[in-house]
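Next up is one chain by itself, shown in structure tokens, the form predicted alone.
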């Protein structure tokens, strides 16, 4: 049984904690928060032991009537691995301050630079490279979605240059501090950083990306175009996606004209927090013209990296093969 600590019980951390708690080969020992909050109280209500992420803030929890089990220094001593879900760029500092001195393994999230870890990880694309590693970076939500889809295509077909336009959500639903409210904001630096990030997982993919930010909170949307080096039909690609884990095909004619209906589907399906761990690809958007493949996919930015963190832990401790881990994680999360 692998003992897991979650450093940062926020958007990703609370989802990872729930996912780990559903596994029979790992256990959540505790989670951290930097200060008292409703999320800190929620963690305790769910039965997770709570620790102060900033030791100097420990007294503030008691003053707020929230019982903690110690600080991150105490949690580190009790676990085999830490899942670092702190805000972007904090993970590298945590590694130097806490993880390395205590020789504890750790996974990091996509907001960290690749250099923070031994490998950038996507379960479908490069699970084997994380086996036995001490530090693994689970790539961002957008990179996770792109890596899954492009691995599926490139491992079955010969492809050339890939071009992607990312229509990015402005903020997560619970974040009231970010915008835009009534604007479309282009990332004027082209290519955007997403392409090089995909190459940390799939180095042989020739990919160029651009991105815009739009005033929505529920999902990202990707418009993907890939050059094909062999005769292929849309039906061939559909079959590939149908046989790829963590990819779900939907049709606009079934009542999925937008991301709003996809989220409503997740609510009706009974997913916690309406989480969608899968790439949602419009089947009727998949087309091939003049040896170029086109399709749209929607990515739930709060959830698609969650199963990847679970699989990363299994790889780091060599608990299961890629196929075994993905199957096990998918079953536990109803993917």
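Residue numbers count along the first chain shown, from 1. Note that the structure is predicted; figures quoted are calculated from it, not measured.
What comes next is about the form predicted together with nicotinamide-adenine-dinucleotide (NAD), which does not appear here.
Heavy atoms within 4.5 Å of nicotinamide-adenine-dinucleotide (NAD) in the model of the complex are found in exactly one of 224 to 232, 206 to 214, 110 to 118, 179 to 187, that being 110 to 118. In the model of the complex, no heavy atom of residue 31 sits within 4.5 Å of nicotinamide-adenine-dinucleotide (NAD).
nicotinamide-adenine-dinucleotide (NAD) in the model of the complex is approached by residue 169, whose closest heavy atom lies within 4.5 angstroms of it. Looking at residue 11, you'd find a heavy atom of it within 4.5 angstroms of nicotinamide-adenine-dinucleotide (NAD) in the model of the complex.
Among residues of the shown chain, residue 256 is not one whose heavy atoms approach nicotinamide-adenine-dinucleotide (NAD) to within 4.5 Å in the model of the complex.
Comment: nicotinamide-adenine-dinucleotide (NAD) is not present in this chain, but in the model of the complex one of 149, 164, 141, 79 has a heavy atom within 4.5 Å of it, namely 141. This chain is drawn without nicotinamide-adenine-dinucleotide (NAD); in the model of the complex, the residue among 88, 102, 243, 252 with a heavy atom within 4.5 Å of it is 88. When contacts are defined as a non-hydrogen atom within 4.5 Å, all of 7, 301 and 305 contact nicotinamide-adenine-dinucleotide (NAD) in the model of the complex.
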